[in-house]
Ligand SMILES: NC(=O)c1ccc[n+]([C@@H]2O[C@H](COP(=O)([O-])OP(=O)(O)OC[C@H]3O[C@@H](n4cnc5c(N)ncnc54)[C@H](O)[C@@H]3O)[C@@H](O)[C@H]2O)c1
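This document opens with one chain alone, in structure tokens, the form predicted alone.
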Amino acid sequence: MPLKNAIDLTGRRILLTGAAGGIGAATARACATLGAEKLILVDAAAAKDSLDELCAELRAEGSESIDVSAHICDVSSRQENADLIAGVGDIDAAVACAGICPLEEDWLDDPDWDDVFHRVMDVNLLGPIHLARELIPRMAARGGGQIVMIGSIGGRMGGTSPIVQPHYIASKGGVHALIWWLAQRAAPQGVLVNGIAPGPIATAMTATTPYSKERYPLGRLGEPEEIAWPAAFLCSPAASYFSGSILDVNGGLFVG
């Protein structure tokens, strides 16, 4: 008898932050394709139109078989995270994609750089902490769940472009450490916390960043879908023995 395909999200209720962005939207599409029952798509107020368009797209493609909803949340706010999770019902898996990477500031000379540093940390690192704080106890009470956090190759090797600022690098390195810390505490409760460290991906975030593609073994940036499928996998039964893992998806640029 052939084995059942365990990379299957049938019946699963999945929440995604940063859902209107390149990786977030691609992950929502991948989860829908794999049969997710419910998608809770979350992003900032500035992304509302894009979020609504994504919801309409997924509903049109999934007909009546998928429950898709759009939610506005500042992930850096503890209270907004708490209100969001309290209002959306049971969640089987979550993917924390929300992130920012300001490039214009100069960490040496810009007098306002410290304020930008705190904002990057609030979104990129405190945001996943807020999400985990709300989700882990609820998932544990239901018997388990899966949380996926998007880190970065920058958190592995200090960045791949000279204009990427240290606040982004530090925040993503912090996400990796957070994954390991949370995994040790959540696994005994049946909650699996894992992550992905993408290399440079062709999204709006990297569109204005000069990358020397000749440095890359594959000679190109990655596509959002190439992160989305591993993220969907980590939300599936096929990843039932993954805990504290960070998948390096970077086309061979970093091997550690």
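Since this is a predicted model, take the numbers as computed values, not measurements. Position 1 is the first residue in the sequence shown; the rest follow in order.
Just so it is clear, the following notes concern the form predicted together with this ligand, a form of the same protein that is not shown.
Contact annotation: this ligand lies within 4.5 Å of heavy atoms from the stretch 145-153 in the predicted bound form, the single such stretch among 86-94, 108-116, 145-153, 179-187.
For the candidate set 139, 164, 131, 123, a heavy atom within 4.5 Å of this ligand in the predicted bound form is found for exactly one residue, namely 123. Annotation: in the predicted bound form, residues 43, 47 and 201 each come within 4.5 Å of this ligand through at least one heavy atom. Among residues of the shown chain, residue 157 is not one whose heavy atoms approach this ligand to within 4.5 Å in the predicted bound form. Shown alone here, residue 33 lies farther than 4.5 Å from this ligand in the predicted bound form, counting heavy atoms only. For residue 235, no non-hydrogen atom is located within 4.5 Å of this ligand in the predicted bound form, even though that partner is not displayed. In the predicted bound form, this ligand lies farther than 4.5 Å from every heavy atom of residue 70. Contacts to this ligand in the predicted bound form (heavy atom within 4.5 Å) from stretch 8-37: 18, 20, 21, 22, 23, 24.
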